[in-house]
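Take a look at this single chain, the form predicted alone, given in structure tokens.
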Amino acid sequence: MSSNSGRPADPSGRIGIGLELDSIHMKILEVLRENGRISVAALAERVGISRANAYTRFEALRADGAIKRFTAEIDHVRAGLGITALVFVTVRQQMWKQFRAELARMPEVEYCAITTGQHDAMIQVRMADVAAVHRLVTERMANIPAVKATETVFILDEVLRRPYVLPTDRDAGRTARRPAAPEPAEVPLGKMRFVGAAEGRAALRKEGG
């Protein structure tokens, strides 16, 4: 990604080298989210543009930094890492640099984010079993001077995981038509008999007498 130092910040909608993402760029990113190995010809057909246009836009997205890299998504259970846990860490505030350096040396850490709230960081780890998670937290993380306290939560099921989200996803959800609710069936009216007041009073006196 090119540097913009010494120049005013890019206006909204522009990133990196100044590429303005339009609806066609977003559609390309939507298609690539489903299949990152799709050919340029197939990409052009899916988006509805020429092959040359698709190639130019794809390369512009890469040069701009909107597309950072291509990678593979694996089945962690098949790879022998069937246990996933979130480790919430409270960090000694004067030792953030050491904390980051120690995490970089832990290959088990898949993801780390600095957070607000009760804890300072959330770490996601994938391990072979619960015992391995226990050893990581109690033997390795606990011995990092920058770590003040930890809280571990095991993930039972990963309900939803998207490669990435786009601003257009929200628009697509709004425009999606919901199935119309079935109209209520007509309820047939029952037979009704209107009783005059005098007749009704006479019947009551007869029943009460």
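All values derive from a computational prediction rather than experimental measurement. We number the residues from 1 along the sequence you see.
Only in words, not in the display: the form predicted in complex with the DNA, which the text now covers.
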Inset, instruction - Classify Ala63 as contacting or not contacting the DNA in the model of the complex by the rule of any non-hydrogen atom within 4.5 angstroms, answering yes or no. - result: no
Inset, instruction - Determine whether any heavy atom of Lys148 comes within 4.5 Å of a heavy atom of the DNA in the model of the complex, and answer yes or no. - result: no
Legend entry - Ile49 within 4.5 Å of the DNA in the model of the complex, heavy atoms: yes
Legend entry - Residue contact check: Ala41 to the DNA in the model of the complex, 4.5 Å heavy atom: yes
Inset, instruction - Considering the DNA in the model of the complex, find the one stretch among 156-164, 51-59, 28-36, 65-73 with heavy atoms no farther than 4.5 Å from it. - result: 51-59
